[in-house]
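The data below hold one chain only, encoded as structure tokens and taken in the form predicted alone.
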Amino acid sequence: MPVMLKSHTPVVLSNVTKRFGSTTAVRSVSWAPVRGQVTALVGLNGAGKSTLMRVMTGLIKPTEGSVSVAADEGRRPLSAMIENPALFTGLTVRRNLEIHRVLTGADRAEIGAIAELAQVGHVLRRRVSTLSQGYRQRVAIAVSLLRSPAVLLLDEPTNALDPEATMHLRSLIRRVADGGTAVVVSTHQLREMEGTADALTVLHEGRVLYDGPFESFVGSTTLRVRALGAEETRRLAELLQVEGIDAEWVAGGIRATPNEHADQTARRVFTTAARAGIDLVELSHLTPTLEEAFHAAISGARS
């Protein structure tokens, strides 16, 4: 079913498929990143992330389906940094910004503000060829922010960046999104977007496996419970089941799956054990890591 175009979704993909000869890179994708949010577009190498971004920018046409971009008065509809930054390395940073300002129709006054936002104001007079990879990325981001794009697409923007430059880029991405831009960051490193991304889209073999809140992706927390002895642990598992708690005996302990907040279930486990005179030696929360959730999603798609 096509995704409906709304005011908070400046770009919408409806049933987009892209084939290259006999190879299908993107398969029936309907997707709409949201204004004011950072969306992490995650997948293994070859999952179709870069192809999807190129379709969104209009660099390549979809074989099937459509892409709709909402007009937003005074703003650049869409901006992208895909693979190598589009910079003139023999020119100064200021000259690069000026050329792209003219190409995008941005106001001259934007250059100073965007240079400061991207923290390149102190290198405006330097030639791009003399800058480190981290600073070139900052300049490329500054170029992409000219005329306040409604949508900003960044393809593997932290490649070759040191930890300090990566931290700055994350902060910059967050500030841009807070200003009302729909920011999409393509990456194969799920962990690097934790704490920055609001939403997560997982792509595998050209299909969307997950599209939703970042924090919901890892799934529910389970509880590991262990009593003082094996027989007591088994007895506690039976008592918890009587209490309506989904408790399963696994590897010398109990795995309890909450159907409520995990802390509430933990209190019920403790109360049940105390009432039965069973001494607990372990009551811990087990939450899947991002990597575990990702590989579980991929494995589920393969099976």
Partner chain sequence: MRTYRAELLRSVNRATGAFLLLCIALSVFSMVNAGPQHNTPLWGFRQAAIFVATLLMGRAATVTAGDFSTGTIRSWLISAPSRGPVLLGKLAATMSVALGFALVAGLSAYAVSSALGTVPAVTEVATATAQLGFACATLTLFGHSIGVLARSVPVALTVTLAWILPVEAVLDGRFHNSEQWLPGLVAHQITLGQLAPGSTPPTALTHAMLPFLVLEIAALAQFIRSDINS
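Everything numeric in this text was worked out from a predicted model, so none of it was measured. Residue numbers count along the first chain shown, from 1.
What follows is about the form predicted together with the partner chain, which we do not show.
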Seminar exercise, completed: With a 4.5 Å heavy atom cut-off to the partner chain in the model of the complex, the contacting stretch among 162 to 170, 208 to 216, 75 to 83, 191 to 199 is 75 to 83
Problem set entry | Residue among R174, R126, R226, R95 with a heavy atom within 4.5 Å of the partner chain in the model of the complex | R95
For this session: Could you work out which of R275, R234, H261, K61 is the residue within 4.5 angstroms of the partner chain in the model of the complex, going by heavy atoms?
Result: K61
For this session: Give a yes/no on whether R138 approaches the partner chain to within 4.5 Å in the model of the complex, heavy atoms considered.
Result: no
Problem set entry | Contact flag, T221 vs the partner chain in the model of the complex, heavy atom cut 4.5 Å | no
Exercise. Should G105 be counted as a contact of the partner chain in the model of the complex, where contact means heavy atoms within 4.5 Å?
Worked result: yes
For this session: Look up in the model of the complex whether L117 has a non-hydrogen atom within 4.5 angstroms of the partner chain, and give yes or no.
Result: no
